[in-house]
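This document contains two forms of one protein chain, each encoded as structure tokens and listed individually as structure 1 and structure 2.
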Structure 1
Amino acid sequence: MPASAADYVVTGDAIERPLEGAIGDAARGRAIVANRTLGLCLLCHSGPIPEERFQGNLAPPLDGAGSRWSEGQLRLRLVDPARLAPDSPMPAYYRTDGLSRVAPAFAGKPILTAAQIEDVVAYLATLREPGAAR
């Protein structure tokens, strides 16, 4: 994991360009979303991952995320959710500056790498509502 997250450009409600030019892999992204120790996504969200029991209901379901948001919008929601919802309990998975309540051992370090963010974006983009145009 890098010591700090690389720069990214926010345009409106999205980060249009992949972080560090990484190309995401949906299968790896699904594994990150399902992982109870890495992303912890299913602590708050539910998703189409039937083998994982006890999924969250505190945040929007992940089903249909690729229909609701573009890849750039999904990327910003992972990198810096507070930019869109200042009171969001969702952690910034990539932004490292201006955070509070960060343990000293984790200060300046992103939760997920650029490649991992892109993997999750790739997976979430596959979650389409039935009949939704691609």
Structure 2
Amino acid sequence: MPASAADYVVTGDAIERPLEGAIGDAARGRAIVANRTLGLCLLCHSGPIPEERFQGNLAPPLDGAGSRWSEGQLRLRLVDPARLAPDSPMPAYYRTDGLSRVAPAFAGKPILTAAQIEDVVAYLATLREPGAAR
């Protein structure tokens, strides 16, 4: 399951088509976001997941992400955010090249699988700002 740029097409600042044609599930996506050793999201971001008490403040809150970005835009921001912001600390969740000294247990593997990324995209798309129309 090699992850590389060949697996998807970037259009503007988005990847419009789901990775590997997977269909995301928002409930599974929420569980991945909340999981500190899988999604890792709440280490840096905060989000509307009240049962997770210790959340980060190093990156923008996830609240409202679905109002700010389309699913395609969210997908590219997860897959390879360095394409948009090279200095961002946000890891590329679906890239295995261009990395240094990756620990053997993680070598050649993306942080999340294509199916997991689709789940997270589906969840983030549900996070609307109150009153925002889209």
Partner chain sequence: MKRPARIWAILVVAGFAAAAGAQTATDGRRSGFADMSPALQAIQRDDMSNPAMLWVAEGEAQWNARAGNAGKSCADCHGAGESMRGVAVRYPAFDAKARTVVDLDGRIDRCRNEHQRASSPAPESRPRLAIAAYVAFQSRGMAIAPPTGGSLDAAAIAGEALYRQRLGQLNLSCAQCHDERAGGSLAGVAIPQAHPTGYPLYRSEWQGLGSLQRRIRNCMTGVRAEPYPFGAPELVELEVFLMRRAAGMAWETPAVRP
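Take the two forms, superpose them, and find the largest set of C-alpha atoms that agree within 1.5 Å; that set is the rigid core. Nothing here was measured: the structure is a model prediction, and the numbers come from that model. Here, a residue number simply tells you its place in the sequence of structure 1, counted from 1.
Undergrad: Since only one of the two is the form predicted in complex with its partner chain, can you say which one?
TA: Structure 2, not 1.
Undergrad: When you overlay the rigid core, is the Cα of G108 off by 2 Å or more between structures 1 and 2?
TA: Moves: yes, 2 Å or greater.
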